[in-house]
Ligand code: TXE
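Before any questions on how it binds or moves, here is one chain, the form predicted on its own, in structure tokens.
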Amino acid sequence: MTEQQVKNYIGGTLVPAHSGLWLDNYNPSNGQVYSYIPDSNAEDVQQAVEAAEKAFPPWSGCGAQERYRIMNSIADLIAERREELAQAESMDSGKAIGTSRSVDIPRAEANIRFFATAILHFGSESHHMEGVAVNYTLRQPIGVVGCISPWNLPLYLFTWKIAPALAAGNCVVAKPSELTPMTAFLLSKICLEAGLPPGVLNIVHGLGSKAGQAIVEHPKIKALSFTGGTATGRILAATAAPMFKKLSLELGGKNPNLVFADCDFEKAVSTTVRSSFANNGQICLCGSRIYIERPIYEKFRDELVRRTKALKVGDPFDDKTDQGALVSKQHREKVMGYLALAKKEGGTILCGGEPIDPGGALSGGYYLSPAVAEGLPNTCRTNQEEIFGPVVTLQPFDTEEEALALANGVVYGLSSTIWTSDIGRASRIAGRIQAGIVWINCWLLRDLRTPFGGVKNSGVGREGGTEALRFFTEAKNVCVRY
């Protein structure tokens, strides 16, 4: 069992939970326990906070150039171990190995390099009061901050949070999802090898209700960055807001794709398949509501269904696999529950939605064929609630105004996609659609300098670029009289 134990990373040391207890970690591809993670609690978080407090003065004072050097060393080691990390990511999450290789691990490396460099160019403002004084703004690190990341893009989103926090000079207490802890554990080892000073980054594994809640409640953790479900975000905010912590919450999505008749049909349909089912639809940016202008509705629907049926579901470690396993048995049951609900609400399942048994050693895995449904009203639960799985709904529209009303008719507002060759229409809709991100004739084309986040129930605050560096710093105005 010892070789299969994930450890906490606290004060520069790999240690078990203070309780001595362990949690099972399942391989979604076969449903078997393959490792164990620390069942951490408030005592482990306290130890991590103490280590972070001790590390903060030298880390915040060492200078941006030194932080840049160490963070790039971490990124170099991620690059060197890309295949090992990709294999671990697919083992832990069930996602296709091609996705781990081409998306998750390269992006984790890019996150660290980007913010390591960005801090060197992070400027401050000055304001001249003519003949009287000059004001300048200092952007100073907050101190000890908390980062809680989800299971769908484990190392990708873990580094997306910790990188700007570290670059800005903070020390971090972080918790990855208990469903996908392995690459965060491997990152602990990389940080040790790269020479990250003890206590600068502390990784506490365990359940959200114990380890995560202890991070949220700790009075010396002054800011929290969280990505996860809206319901969990609401609980977190209720705890943290009365303590006057800074909060960045990237929450759920129920994202619309608007497909107009004048679109580039091939690009629209091929990208829509990807934006619907990438990572089994387990990406907060996936388009799960597809609205199609009526003149091309049947043509688009039929081609989308044909291509969806052609997706290969099975062994995550087969290079030809398009869709691996869902992250857990419970999550697959949740997704299948929504498909049953769609039928009750009057919808027709055009394809998919069935459990798949690849046989052999993979017979216990959590596989599900990607599903396309139509015939559902926009107000039904299937169209209103986040499913976070390989399920999309189709609906026709006749006018631009109707398309906007459908797109905006949910409580979420994370991302959206518009397919049209009319740049005037695209610009009009982009200005009126209720979403933090609008893609026009593309999807998941990301520039790390741009602000990332949603409106309505999709979150509070923005990540990415200078927005992240501003979140992880406090502004101080200094006024000098002439």
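Residue numbers here begin at 1 and follow the sequence given. These numbers come from a predicted model, not from an experiment.
In what follows, reference is made to the form predicted in complex with this ligand, a form of this protein that is not presented.
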Position in contact with this ligand when the complex is considered in the model of the complex, options 388, 300, 185, 260, heavy atoms within 4.5 Å: 388
Heavy atom within 4.5 Å of this ligand in the model of the complex - residue from 88, 376, 284, 142: 284
Distance check, residue 177 to this ligand in the model of the complex, heavy atom within 4.5 Å: yes
Non-hydrogen atom contact residue 213 with this ligand in the model of the complex at 4.5 angstroms: yes
Contact flag, residue 226 vs this ligand in the model of the complex, heavy atom cut 4.5 Å: yes
4.5 angstroms heavy atom contact with this ligand in the model of the complex for residue 207: yes
Heavy atom contact within 4.5 Å of this ligand in the model of the complex, the stretch among 328-336, 186-194, 344-352, 302-310: 328-336
Residues of 139-153 having any heavy atom within 4.5 Å of this ligand in the model of the complex, listed in sequence order: 148, 149, 150, 151, 152
